[in-house]
Every structure is written in C-alpha cells, then in structure tokens.
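Next up: a single chain in structure tokens, the form predicted on its own.
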C-alpha cells in the first residue's frame, strides 16, 4: 500500500494543492456468521489491518473530484439531488463515492464540494469488504469536508444504503458496521437487528490467517441477490419478517405442511443454524476455547457449501488444505462466497510453516495469484 507521504504527493500532483485532512476505514473479516446479517441475525467479524485512506480538501463550490492511486483519471460530479452513475465502466469504482454523497444529501446533510484522493490495500472482490471500506471512508471524508459528524452506526447504515440503492448490491449491514465500529484487538458479536456490538477477545496463542484464493466474483452479477430473495421468501412463508425469528423445528414443520419447498428449506436451514453457531462461537471466545471455535468454523463452511451453495472449488480446496496442515483449528470461506477468501484459526507456533505450505499446495491445484495475510483485529474507521 502506498505510504501516507506518497498519497500526499499524489494529492498535490493531481490537484495542485495540499490536503487539509485525512480519514481511514478498514476492511473486515467475518470469523463466522455468513449470510445472517440481512436476515436480522448474528455475525462475528473483526476489522483487519488493511484499509482505505482518503485525503481531502474543501472546495468553494458544489463540485466533488475523486482520484485513486489504483485507478486512472479523475472523476468529477456535482452535488445534487440526483447524481448520475458512471457511463464509462472504467469509472464504476467512483459510483461508491457518488452513492455515499447521494444518501448523505437525501439524509439532509449540507455537503460542500471537495477534492478527494484515495488509496487502499483491501483486495477487490476478495470478501474482505473493499467496497464497505471505501463507502465508510468516503462518508467520513464528505462529512469532514462539510464539518459534520455522525456516529459509527449511522455511518454504517448510510454506507449500506449507498450500496443497496445506488450501486445495486442488496447487502446487509455486516460489512459497513464492521468497518465503522471495529474495536482494536477484539472480534465483535454483531446483532444485526439492533446493531448492538459486544466485543470478545481472540483466545491467546492463535492467529487469524486470511487466504485469498485469487478467484474473483462480482456480487451484483452473482447469485447473492438471489440467495437473499430466497431467504425473504422463506421468512414470508413462515409468517415472520426475518429468519432470525425461526427455529429449525419451525422450518421442518413448515416443510412438512407444504409451506416451504425443499430448496427453500435447505437455504433457510443454513441461516437458522448459522445464527446458533455464531452465538456458540462468541461463548467459545469468551471462554478462551479456541478448539471449540475452530470446530464451529468447520461446521459453518460445510453448511455454506452443501445447503446455501455459495462456495466454489477454489474455496473448498483452500479450506481442505488448511484443515490438513498442523496447527489449524478450523477454516471456512468468508464473505458472500462464489470466490474470494478463506479464514483459518491457526496456532501461533504453526503459522510460519502454515503460510507457505498452504500457498504451495493450493497453487499446485489452481494456478491463481494467491495472497495470505496474518492479521490482528484493527480499530474501526476514523481520522488519519
């Protein structure tokens, strides 16, 4: 990732002046609790040591200019009630910033024009919430330029709204809330109904290892929205607003009564069971029981593979290799699926051998660019 000095030099070269302020927002890894957030359920994420940084300077007009060190050109748009999306595919990345400006305007925030320069090292399309990190950082930057403030939870909700309504991905609150409200050194039990966060430290003697399979997916074009629609249809058939309020017994009863088709029951089973697993995993963290936590990670991946069907050969292979290596207590896909990353819990003394062994064995099967990150829980978004 470019240094702060390099980002500052990029800002000066791009805009011919110096920045006034800077903000940052991290990516996240979800340790367990997948596809539960939009079902009003429970997740257990942590912010990671990869982030988006934005430098900014106010302008005397209602124009916003955005430049990225990782993208070509400068995207310019006016602050208005209807900000148009990019027609050039090469500028689609800036729609996340435009969407954030749009929802802030709709929320009555008096924005002002500004110049923004950004960089980031959250891998794109990896399941580590690069889009949420960009959204949360963009909202912080737009608020800072306008001299406005909002709570972390409010910023998360606005970021989610931008992705839902403007970008077109029907995501839940997990990614944005993790980025906005992460706690240094802690995982967080997230109640996606109330947005309550309860920190829990990772057990001593273990590390979180993220492995990027190199398989990319675009959520807007994937089966993500289809899975979400299926969950909503299942909840409606069961007479509740969200699957959070359903039990496994209730699912089977509805299936036997003909209110739930076999595939719908299968999808809903994962969500209901995953909510229980996530709460059990939180209890394991509080008890310092890394072995129990790892076993729950394994169960989660099996359901995501067999019942929710959002894994792929690359993810399944990476998980299988990780589990075969000494010191691995559990491994699973993380993120929406269809590609991206796995997350493993590995004993500290095994990490040095685990990383190259995982990489070599995976690339022997899939000749894709692999990246492995050993991370700790980072702080949530804020000023640079």
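These numbers come from a predicted model, not from an experiment. Positions refer to the first chain, counted from 1.
As for the form predicted in complex with a small molecule, it is not shown, yet the points below apply to it.
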| property | result |
| --- | --- |
| Partner contact for residue 282 in the model of the complex: the small molecule, 4.5 angstroms, heavy atom | no |
| The small molecule contact in the model of the complex: residue 172, any heavy atom under 4.5 Å | yes |
| Partner contact for residue 354 in the model of the complex: the small molecule, 4.5 angstroms, heavy atom | no |
| Close approach of residue 328 to the small molecule in the model of the complex, 4.5 Å, heavy atom | no |
| Among the candidates 26, 45, 335, 41, the residue which, in the model of the complex, approaches the small molecule to within 4.5 Å (heavy atoms) | 335 |
| Options 315 to 323, 53 to 61, 29 to 37, 66 to 74; stretch whose heavy atom lies within 4.5 Å of the small molecule in the model of the complex | 29 to 37 |
